[in-house]
Every structure is written in structure tokens, then in C-alpha cells.
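Take a look at this one chain, the form predicted alone, written out in C-alpha cells.
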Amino acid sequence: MDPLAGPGGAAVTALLSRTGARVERLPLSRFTTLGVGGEAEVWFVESHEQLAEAMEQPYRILGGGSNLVIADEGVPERVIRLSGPLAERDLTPDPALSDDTWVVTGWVGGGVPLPGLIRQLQKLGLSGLEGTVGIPAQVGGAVWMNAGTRYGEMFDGLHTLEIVTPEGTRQVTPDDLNWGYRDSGIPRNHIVTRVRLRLRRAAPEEVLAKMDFADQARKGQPKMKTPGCAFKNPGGVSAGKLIDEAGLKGSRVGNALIAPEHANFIVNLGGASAADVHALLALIRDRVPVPMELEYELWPAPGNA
């Protein structure tokens, strides 16, 4: 393993924890779709035993790195990445729970990349999650925030969730959770490690057509490094439209830009800092007359060390 520079330029090499988890100090910008974020101690966990050890100290869970803006200073907590068996999938229908119309799959790990999963479901002729096409997330994070588009969301296709908490592991169904728009109802310090999917049987061509239809809505979105939509639509009104009407489309701070293609996206022109992004978010909140809830997660949260 190549050594990486830690604080003060000291060389840091990957270590193994007592349960065998790989631990490295790394720049978190490597793991985010925006491409910003300072260093932290990253734990690559492959089992529930390793995860329990990682959770013995203050921690954060990092999936696909979308919808996330990490401070230039990084974060002091351990950062957990699900890997190995926790990033594998079993889409075999459970014969006890499946029939001619519906399929309940085996377990899908929280570390599985969502785009690849959606493509595999299409080839298998399993319908229900087409509305999430193109979302650059991992399954665990996508479930935790109930990621989706106007054409569907993660909870459209869930049967069972395995959630690890500081107190232990439990399995729940969507009916056990108070989920809604971009919200699973799962507390912040809980980790979605695995899920079972409940999907409708369909012709692969039908599933592909639905994916293509949903993907058309993304054609006007920027292709540069971005966390995704910055703000939730307030009261059904387009946040992008409100930002555009405030005359902010194309506004720039440092190397961060409010995208000309869609005003609810902030993009990294190359070398942007988290501070640049925060300045644009503050500008939007100052100029848009309607209160809007941030869709990005900020590490650390404002006001926290």
C-alpha cells in the first residue's frame, strides 16, 4: 500500500484494525461527486464485526458521496465505507415470498453502487426502481435519504431493511418507518447495511423504456462535478426556477458555479473549495425570498467543530 501524506506531511500507511478492517487517512474529495473535502480516517469495513468496531468511536458513514459537501478541513470523526460482502448483491428471487407478479430478492449490500444495480435489474426484467436511474449513490445512502426523482424513489422497491445502530442490528420494513419525500425516517447515527427488494416482474424492454423516460428529465442537468440538487423544492415549487428568477444562474464564487444549465445545481469548475460552495449557498438563501430546505448534507454541520 502506497503511503499517503497525513497531517503535517507525515507518511501514513494503511493499517488493519483488530477485526481486520483496513484503515487509512485519506482526502475525502476522492469519494465525493463534487470533488472537495479534506482528510479523515477512513475505515473500509467488510463485516458486521468490523462495523461494530468502527462504531466504537464517533463516526460518519460515506456512501457514493453525492448530495454531500465536506469541509476543506475534513472531519475529526472516523469515516466508514462499506466494502467486501457489504457491497455485494444477491438478486435471486426468494421462492417463499415471490410469485408470478412480484419478486423479493436476497440481500443487497449498502455499499452496492446504485447505477450498476439499476442496470442489472433491467436486464433481469425487475421493475420498481427505474425512477432512480442516474443517481450516483450507493444503496445504503440512497435508502437512508430515500433518493429519487419525480418518477420514483428508493422506497418504491424495498421489502426489508437491515439497520445497524449503536445498540445493535435490527431488521425493519418500510411500514415500520415514518418515511417520505427525501427522508427515510432513519436516525442519523444508524447505518443501512443491507436491503431486500420487492419488485414487479416485467419485460426487460418495458423496464428499459421506463428508465429512458426518466433519464430524459436529466438531460438538462450539468455534466460537471456536482453534489446534485442543492435545495428541496419548497411546497412543490421548483427550487431551480426560484433561483433562476432571483438572477443567480451562472453566479460564481472562486471555482464553484451555479450551473447555467440548471440553477439548482452547483458545480466544481476545477479546484473549487467547500468554502466556495458555502458562499454560493449563502448567496442563494439571501436572494431567494422563499425559505428553502437544503438538500445537500454538510460535513460538519454549520456551527459544529
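Bear in mind that the values here come from a model prediction, so they are computed numbers and not experimental data. Residue positions are given as counts along the sequence shown, with the first one as 1.
Missing here is the form predicted together with a small molecule; even so, the following discussion is about that form.
Enquirer: Considering the small molecule in the model of the complex, which of Ser251, Ser273, Thr33, Ser47 comes within 4.5 Å of it through any heavy atom?
Expert: It is Thr33.
Enquirer: The small molecule isn't shown here, but in the model of the complex which of Val103, Ala202, Leu158, Ile191 has a heavy atom within 4.5 Å of it?
Expert: The option sitting close enough to the partner is Ile191.
Enquirer: Does Glu24 make contact with the small molecule in the model of the complex, using a 4.5 Å heavy atom cut-off?
Expert: Judged by the heavy-atom cut-off of 4.5 Å, Glu24 is well away from the small molecule in the model of the complex.
Enquirer: Considering only heavy atoms, tell me if Thr169 and the small molecule come within 4.5 Å of each other in the model of the complex.
Expert: Thr169: no, not in contact with the small molecule in the model of the complex.
Enquirer: Though only this chain appears here, would Val195 touch the small molecule in the model of the complex if you measure heavy atom gaps against 4.5 Å?
Expert: Close contact is absent here: in the model of the complex, Val195 is far from the small molecule, nothing within 4.5 Å, heavy atoms only.
Enquirer: Any chance Ile61 has a heavy atom within 4.5 Å of the small molecule in the model of the complex?
Expert: Output for Ile61 is yes: heavy atoms within 4.5 Å of the small molecule.
Enquirer: Can you say which of 170-178, 122-130, 220-228, 90-98 gets within 4.5 Å of the small molecule in the model of the complex, counting heavy atoms only?
Expert: Stretch with heavy atoms near the partner: 220-228.
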